[in-house]
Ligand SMILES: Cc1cc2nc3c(=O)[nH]c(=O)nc-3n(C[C@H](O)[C@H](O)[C@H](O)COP(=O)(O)O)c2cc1C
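We begin with a single chain expressed as structure tokens, specifically the form predicted alone.
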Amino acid sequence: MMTDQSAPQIHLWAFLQGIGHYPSGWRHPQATPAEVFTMDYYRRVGRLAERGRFDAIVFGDQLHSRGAGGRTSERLAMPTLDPVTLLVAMAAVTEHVGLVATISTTYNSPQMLAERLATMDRITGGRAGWNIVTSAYATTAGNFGEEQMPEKSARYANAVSTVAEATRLWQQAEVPIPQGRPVFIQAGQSGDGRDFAARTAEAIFCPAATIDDGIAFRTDLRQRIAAVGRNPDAVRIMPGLSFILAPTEEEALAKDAALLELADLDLCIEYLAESLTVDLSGQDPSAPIPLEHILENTLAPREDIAKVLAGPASKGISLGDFATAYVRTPRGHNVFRGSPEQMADMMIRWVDAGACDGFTMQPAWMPGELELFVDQVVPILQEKGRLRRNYPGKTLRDTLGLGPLEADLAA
């Protein structure tokens, strides 16, 4: 097969939170949810991501307590373990794949962040990335002895100064860390978040349900990046992509339907409640979305929740119908259902259209769906000349092709 060696390479990240991206993924007959608490599981998926020539493995954090309003989710299985600990453990069984930890600037001092991330970068030989977040859940504050979380703009102002101070500490270290500093990554979607990303991030994670959503987001970020005097080509845009693979599209749709069937109405409503950080127990699934109740009781920013619910609520959609539909596009990300060939073509089409530079892969359930992707989609992308067969260097910065270190980020 002839390949176009000048075509853009597709970047791949593996977002391996919990047992998979589908809320019902842990109920798949071949899923092994108990293994996510074992080292064998992380050895297996770490080596798998590296075999698939992924740029990086990404783990989120969770500083807030689950169980809005004193309620404990009983039907969801969303284990969230400490990202730094998991990534360092995976570094021991891999050689090239990058390791991206989500760490909050709101609840960590610059000194603590600088030390933890410098340690990661040193012992991994320059494979550390920092997903810079400011935390969003109001219940986080209580876990740090505070009554309430700072408002969003204040959190981002603190993030700017925290990143700048951590950078100063890395620059002044007697023994420089391999990459000079970890690769900066950001995932905020608000205006504050996008401005912060434009000034600071070298890679950006975002939701994009459609190719047009991706083009709009990437175009906006590239304009913001250029406006602050940075090179947009030096920043990677990496929307989330969940997926269900099968030999044919029909089989994939059937497989998807069977997995969604495992998400009964109670689980769907529990998942929606978790996403909206509000207790929906006792609400009538056949009644319209209880917008007023949700906005009065949510622990998340009300304006963000209102954006999600205003349209469906105005149409009189029932709570049960909305919750059932919500699990089909978890967290607003694109969900692919089809054959390996179709998936490879879709990924190439998005990149060539300017919708993204690559994808943050979110398997519907783990580890089976990730194994299918690595064994069946990765070879197609490689044959088409759109995915590397070998890593280009030793560091995450090399793998992302970011070029020389930008010294004044977040200054």
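Just so it is clear, the model here is predicted, and its values are computed rather than measured. Residue numbers here begin at 1 and follow the sequence given.
The same protein also has a form predicted together with the named molecule, omitted here; what follows describes it.
Shown alone, this chain has one stretch from 274-282, 253-261, 183-191, 311-319 that lies within 4.5 Å of the named molecule in the predicted complex by heavy atoms: 183-191. Exactly one listed residue, out of 342, 62, 376, 32, brings a non-hydrogen atom to within 4.5 Å of the named molecule in the predicted complex: 62. Taking 179, 135, 334, 124 one by one, only a single residue has any non-hydrogen atom within 4.5 Å of the named molecule in the predicted complex, and it is 135. The three residues 152, 156 and 205 all sit with a heavy atom within 4.5 Å of the named molecule in the predicted complex. Contact check for residue 304: a non-hydrogen atom falls within 4.5 Å of the named molecule in the predicted complex. Using a 4.5 Å cutoff between non-hydrogen atoms, residue 298 does not count as a contact of the named molecule in the predicted complex. Looking at residue 102, you'd find a heavy atom of it within 4.5 angstroms of the named molecule in the predicted complex.
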